[in-house]
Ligand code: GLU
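Just one chain follows, in the form predicted on its own, and it is written as structure tokens.
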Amino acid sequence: MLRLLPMKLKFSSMVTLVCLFAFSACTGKKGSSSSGGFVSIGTGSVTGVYYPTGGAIAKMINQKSDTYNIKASAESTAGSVFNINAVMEGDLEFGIVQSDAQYFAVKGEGEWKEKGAQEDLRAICSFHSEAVTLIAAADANVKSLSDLKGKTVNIGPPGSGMRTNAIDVFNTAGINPDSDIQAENLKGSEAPIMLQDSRLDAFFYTVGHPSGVITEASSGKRSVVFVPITGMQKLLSESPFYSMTKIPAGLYPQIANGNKEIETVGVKATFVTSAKVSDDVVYALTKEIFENLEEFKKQHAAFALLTKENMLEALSAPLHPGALKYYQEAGLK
């Protein structure tokens, strides 16, 4: 049965629809070649670094909305794989994704083995380095990767970059995540309380440091430690998007070994879009990020080492023409 709306609500809804249609007519459809409108930026968990990164970009573009005729919002999502798929399907205009996810999408490997190469994926820039971080409860006696066997370990939800990283690390270390551990599929933001409640022995989290999730994990009664991720030479030689990195000492005083540098591997956070998003829109976002870089770097400690030059590293997809136009104007390409 068709249920009629109350007259007042019905009128309000009609006005809203008229406004939306008018806005679309002026600015163009989402994901179209139009040079304005509303754009969404896919990020990650609200407690990670991706979310404030997307928020900072949205804030910069919204402050110039009269200039560019663009409004932007940062959306919390399941992470890298989700963001790429959503960008390719036109549900998001932009996404922040790990460099390994970008590489696999372009090559049609990993999560995209069945779908094939994502030929419309386009790169804009890269951001901070992200360390594959392994945190364990001190009472679980996990001092190395091999000690994870038989333990309950969170590797992250399907569609997240950290899950891919965890599986890569396990495969390189000769650990089968399907049989050697009890794998959990929680979001990164859910892992700290589960660790403190003794429902996890350890969890992976790929993130730029310092991280609120890691701080939260170390703030309870249960003592926690960093577990080094070493012996990854095979992974580094076979996967060019990985590099050796270190978690700096002194960022987390409540972690038992937080006063030491911790060796691990890492990737980079990158900014992507679709070939279908207009050159003008991508140009505007690129310009605002790069011409306000010093202000952007103040938004999170993980951005401290960003330079205009290293923000063009770790990009596997072709540069979007809108981004390339700005880089050529700025003498970066």
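Just so we're clear, the structure is a prediction, and the values are computed from it rather than from any experiment. Numbers follow the displayed sequence, beginning with 1.
There is also a form predicted in complex with the named molecule; it is not shown, and the following applies to it.
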query	finding
Triple contact flag 44, 130 and 160 to the named molecule in the model of the complex, non-hydrogen atom at 4.5 angstroms	yes
Residue (of 281, 57, 49, 272) lying close to the named molecule in the model of the complex, criterion heavy atoms within 4.5 Å	49
The named molecule in the model of the complex: contacting segment from 231-239, 132-140, 106-114, 198-206, heavy atom within 4.5 Å	198-206
4.5 angstroms heavy atom contact with the named molecule in the model of the complex for residue 102	no
Any non-hydrogen atom of residue 154 within 4.5 angstroms of the named molecule in the model of the complex	no
Interface residues of 97-121 toward the named molecule, as seen in the model of the complex [heavy atoms, 4.5 Å]	98
